[in-house]
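The chain below stands alone, shown as structure tokens; this is the form predicted alone.
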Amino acid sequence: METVSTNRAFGGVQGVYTHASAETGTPMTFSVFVPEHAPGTKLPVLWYLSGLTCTHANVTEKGEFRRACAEHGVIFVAPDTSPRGDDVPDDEGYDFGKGAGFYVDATEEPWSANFRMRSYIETELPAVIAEHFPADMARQGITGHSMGGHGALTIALRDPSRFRSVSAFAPIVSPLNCPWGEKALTGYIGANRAAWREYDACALIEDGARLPDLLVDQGTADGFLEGQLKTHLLEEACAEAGQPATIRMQEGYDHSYYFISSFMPEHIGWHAERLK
């Protein structure tokens, strides 16, 4: 692991780091905020997965999470959304290829060689965090935005024992039922829709996966709400399955970081309570 930059913030350290990923076969960049803490102290970890077109930098620069993380003593980890590099395959669209890894392990060529974001987030990067930072890996939470909300929900539903807390901002709740998801999963996984279910939060809940609790915020003025995000499908799946969930429609908010940063401190406090 190499340090790209570090900055003092709210008494802690905001760092950006890079390492050679065996899963993606590329260098991967991520950011970590570590609050001020006593020597030898291990702190809980909150993962944040970003949305389409984003890198680690979007939330790091615009997410307004550091004050709340410092207050609650929570490490904040923000990975990239896909592999990068001249040799990595790409697509002309913003919603597929670089910047759009969808947190899956691709099985279709040419994507399967590099697009292994599921294994990267589930296995490889946690090992790096555990080795290099004062992280208590027995106390992890996860959140994310849009495509990253999809990633947070599905990763947690597949392995609920890993996470004590799960939330999302404007998540893609059912890739099986939206254009973004259909394009990504067809391209990365193939045409067999049955294989997509492990990457669909609503389908996972329908198939029996459960979380202790769930917090979701969604803006009513989000231009992607009706065509892509379809929050009502998650509400219906949770109600049908008896999955505890607080799903809040926030009047007048859009899909931007103005929305995310407005509710980020509340989400961090919600996670911190469950990560004690």
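Everything numeric here is computed off the predicted structure, so don't read it as measured data. In case it trips you up, residue 1 is the first one in the sequence shown, and so on.
The discussion below concerns the form predicted in complex with a further copy of the same chain, not included here.
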Name the single residue among 62, 232, 248, 210 that comes within 4.5 Å of a further copy of the same chain in the predicted complex, judging by heavy atoms.
-> 62
Any of the heavy atoms of residue 42 lying within 4.5 Å of a further copy of the same chain in the predicted complex?
-> no
Any chance residue 71 has a heavy atom within 4.5 Å of a further copy of the same chain in the predicted complex?
-> yes
Tell me, yes or no, whether residue 254 is in contact with a further copy of the same chain in the predicted complex, where a contact means a heavy atom of each within 4.5 Å.
-> yes
Though only this chain appears here, would residue 7 touch a further copy of the same chain in the predicted complex if you measure heavy atom gaps against 4.5 Å?
-> yes
Select, from the options 233-241, 210-218, 22-30, 54-62, the stretch whose residues sit within 4.5 angstroms of a further copy of the same chain in the predicted complex by heavy atom distance.
-> 54-62
a further copy of the same chain in the predicted complex - contacting residues of 11-27, heavy atom within 4.5 Å | 11, 14
